[in-house]
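A lone chain, given as structure tokens: the form predicted alone.
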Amino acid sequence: MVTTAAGASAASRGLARRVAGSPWTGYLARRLGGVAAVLAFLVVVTFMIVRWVPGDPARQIVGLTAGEEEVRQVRERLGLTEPLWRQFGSYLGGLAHGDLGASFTTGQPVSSMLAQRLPLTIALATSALVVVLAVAIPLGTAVGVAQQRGRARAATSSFGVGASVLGAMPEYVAGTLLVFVFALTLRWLPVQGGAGFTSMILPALSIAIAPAAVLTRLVRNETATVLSQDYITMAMSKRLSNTRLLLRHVVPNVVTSTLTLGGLILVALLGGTVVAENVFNMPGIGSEIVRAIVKRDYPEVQGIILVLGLVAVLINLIVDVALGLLDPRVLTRRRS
């Protein structure tokens, strides 16, 4: 019995030493510490920023013609007459129990509103990301190969101009052009956005055009850089087929180097949904946050910004873990 217990204790100490010595331990600890710091910052900022915006939520509710006594009663009912530190304490207490509060204007719990609207926003951002990756990686790789080998010079030269123009196009301009061409002129797709496949195409394209152009240029540059390396020349001397050369040596290096930007692009796509949902009148949280800001609905603005920030932080954490799996050298690097 004593021998078994001693063996188990030695095994536990050995496991603890391996965990402590693993590069993943420090890497994940740094990332999780960063996540906690960002979330704490978000909680403070989301609470304060809505109160810095000029305007009175109580006045928005009762209307401009209401008397001061009626406005005062609404302020008291909403808890806005309490000291700021007490309001912040109540906010933190609610967050600790998973309660984001209730809307000033509708009385609906913010968590219920998010449960209804967030899936559509996530579906829109995910659809746009699929478009970005489906266009950027194959097109950028093809242009990079053609550029490196001196083929189709006119096409590769004009590619840079086209990518620059599309990459600078705002979502509302892209959305308006897409509606004019495909909905009003050709009548192929509906003007109204929604959860259906055809209703999702134009909103997703309006968000994806600019990031796809930027990422395509990055993939082109990375492909050209990889193809100029000595080990690629060595691989080509072994008479590897173009397909095998691309799949084995070029695409993995390009995907690794573009993964970080891909995470930032997905975060930007979430921001783009705010514009697209308003252009295409979609019932997601992007359109809801605009209404909440206009109405000075503090709980809804705080809840939406906090959830979007949490999604962005988790995306970056997933990208960091994926980078660690693809390139173990990053585990021992300090974050710049």
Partner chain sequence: MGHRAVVASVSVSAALAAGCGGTSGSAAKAPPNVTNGVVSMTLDGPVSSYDPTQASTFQDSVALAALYDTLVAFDPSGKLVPGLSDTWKSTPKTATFHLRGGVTCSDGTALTGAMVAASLNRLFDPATKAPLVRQAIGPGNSAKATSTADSVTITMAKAWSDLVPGMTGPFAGIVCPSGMKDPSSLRTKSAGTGAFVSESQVTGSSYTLTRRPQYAWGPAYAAQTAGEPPKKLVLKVVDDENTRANLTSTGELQIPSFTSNAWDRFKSTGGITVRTSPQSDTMLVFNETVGHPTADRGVRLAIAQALDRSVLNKVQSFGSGELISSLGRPSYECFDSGSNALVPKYDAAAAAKALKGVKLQVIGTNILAGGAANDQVMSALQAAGATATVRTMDNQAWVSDLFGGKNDWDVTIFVYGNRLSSFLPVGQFFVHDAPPKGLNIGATNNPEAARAYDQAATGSAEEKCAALTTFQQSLLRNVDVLPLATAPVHVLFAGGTSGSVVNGFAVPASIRVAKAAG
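Bear in mind the structure is a predicted one, so any value in this text is a computation, not a measurement. Positions refer to the first chain, counted from 1.
There is another form of the same protein, the form predicted in complex with the partner chain; it is not shown, and what comes next is about it.
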Quiz item: Do heavy atoms from each of R220, P252 and L331 fall within 4.5 Å of the partner chain in the model of the complex?
Solution: no
Practice problem: Using a 4.5 Å heavy atom cut-off, state whether V191 contacts the partner chain in the model of the complex. | Solution: yes
Quiz prompt | Exercise: I61 in contact with the partner chain in the model of the complex, heavy atom 4.5 Å | solution = yes
Quiz prompt | is_contact(R31, the partner chain) in the model of the complex, heavy atom dist at most 4.5 Å | solution = no
Exercise. Considering only heavy atoms, tell me if V294 and the partner chain come within 4.5 Å of each other in the model of the complex.
Key: yes
Practice problem: Go through 209-217, 84-92, 238-246, 172-180 and give me the stretch that gets within 4.5 Å of the partner chain in the model of the complex, heavy atoms only. | Solution: 172-180
Practice problem: Just give me the single entry in V165, M234, L184, A96 that has a non-hydrogen atom within 4.5 angstroms of the partner chain in the model of the complex. | Solution: L184
Quiz item: Though the partner chain is not shown, can you say which of Q108, T126, T225, T256 has a heavy atom within 4.5 Å of it in the model of the complex?
Solution: Q108
Quiz item: What residues in 44-67 sit within 4.5 Å of the partner chain in the model of the complex, counting heavy atoms only?
Solution: P54, G55, D56, R59, Q60, I61, V62, L64, T65, A66, G67
